[in-house]
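Below you will find one chain, with nothing else, as structure tokens; this is the form predicted on its own, and questions on how it binds or moves follow later.
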């Protein structure tokens, strides 16, 4: 490699240089063409850099928000399944940046371990993880006022024992008896309202599967058999021996933060935001999304972009007041005797000063004596 190309390579990040070397080998480029490729990459890399003191936050906000105005308010249907609607478009983007506790359509993508990566095992697991409640496995339920009991008729007699255990283990002060294909749950209280409440409790009890998983769909993606679920319970899913815990993920940001930590939550924000925009063919530089995800997670918790999150946590009183709830911020600052040091962009625009960005970031000091 010549002195010029060595200089070029030193100006590029090691990761980028590694990718260049791979391309040179694959395309079998000679030295002259390799030099041209390096020069072109150096040029593109220089274009992609930001100048010192650039207002990158405002540029990122503009670069994400402008394309987002072209997004449709719609939902996307899973292929081949009826009634499963997954939120995409602008509503999903708002969900992500507002860091909502519960997504409108919580989902998991479950990957199988190599030894279980086949259609049969995936189908069995998909069936096993769907949450089944008592209401799903009985034929009929009725209240017997003569005996102060609730009677259940079971579809599959083999499940009687497990249903009895679930009822006796979760509901107190009841007597559970099995009689042929029936289960009789008795109470001492002679009150029809209490029996009605007991009936509702019994119907809602979980018999099998993973709590929160309402449906599951098996599909093939490349070489992998994966299970898409409606509903999410990452901690329970990762404890299943057939599941590949390194690949399986959920679209719930807060659940990911709880189970896997804040760095994983940051990755979910990036992946979900990019996927939502790319699904509608919007091309946004990934670094803007990286910046927003960093801002949302740098404190160690997931914060929303809004009055109760990032914007509401700014140190500048005027910047907070300019965003939302103006009077509240000004009154609170006056009571607490707070001072605004005018370090940001918004507050300096408001009072007509030069903003601390670009050339306004620096002070020019002249020493006339030294010039003489």
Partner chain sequence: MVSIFVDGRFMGETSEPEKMAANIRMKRRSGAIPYQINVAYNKHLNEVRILTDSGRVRRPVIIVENGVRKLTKDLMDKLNKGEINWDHLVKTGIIEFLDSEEEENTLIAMHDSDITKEHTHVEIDPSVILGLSASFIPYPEFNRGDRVNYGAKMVGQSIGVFASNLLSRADTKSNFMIYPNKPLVKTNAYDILPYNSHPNGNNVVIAIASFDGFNMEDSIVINAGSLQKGLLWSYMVRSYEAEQKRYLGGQEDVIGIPEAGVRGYAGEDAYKHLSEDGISNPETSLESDQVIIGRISPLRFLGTMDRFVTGLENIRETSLRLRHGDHGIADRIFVTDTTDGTKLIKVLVRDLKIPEIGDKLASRHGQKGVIALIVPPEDMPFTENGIVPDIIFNPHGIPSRMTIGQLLEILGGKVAALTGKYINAPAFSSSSEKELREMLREAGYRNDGMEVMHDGRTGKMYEGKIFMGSAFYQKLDHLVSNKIHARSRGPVTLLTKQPTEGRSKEGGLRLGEMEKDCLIAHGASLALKERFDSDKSTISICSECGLVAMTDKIKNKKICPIDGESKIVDVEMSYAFKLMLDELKSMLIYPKLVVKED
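Positions refer to the first chain, counted from 1. Being a predicted model, the structure only gives us computed values, none of them experimental.
The form predicted in complex with its partner chain is left out here; the points below concern that form.
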Within 4.5 Å of its partner chain in the model of the complex, all of 163, 171 and 176 (non-hydrogen atom):
no
Residue among 41, 64, 318, 310 with a heavy atom within 4.5 Å of its partner chain in the model of the complex:
318
Using a 4.5 Å heavy atom cut-off, which of 25-33, 300-308, 342-350, 41-49 contacts its partner chain in the model of the complex?
342-350
So, residue 355 and its partner chain: in the model of the complex, are they within 4.5 Å at any heavy atom pair?
yes
So, in the model of the complex, is residue 70 in contact with its partner chain at a 4.5 angstroms heavy atom limit?
no
Listed by sequence position, which residues of 318-347 have a non-hydrogen atom within 4.5 angstroms of its partner chain in the model of the complex?
318, 327, 330, 331, 334, 345, 346
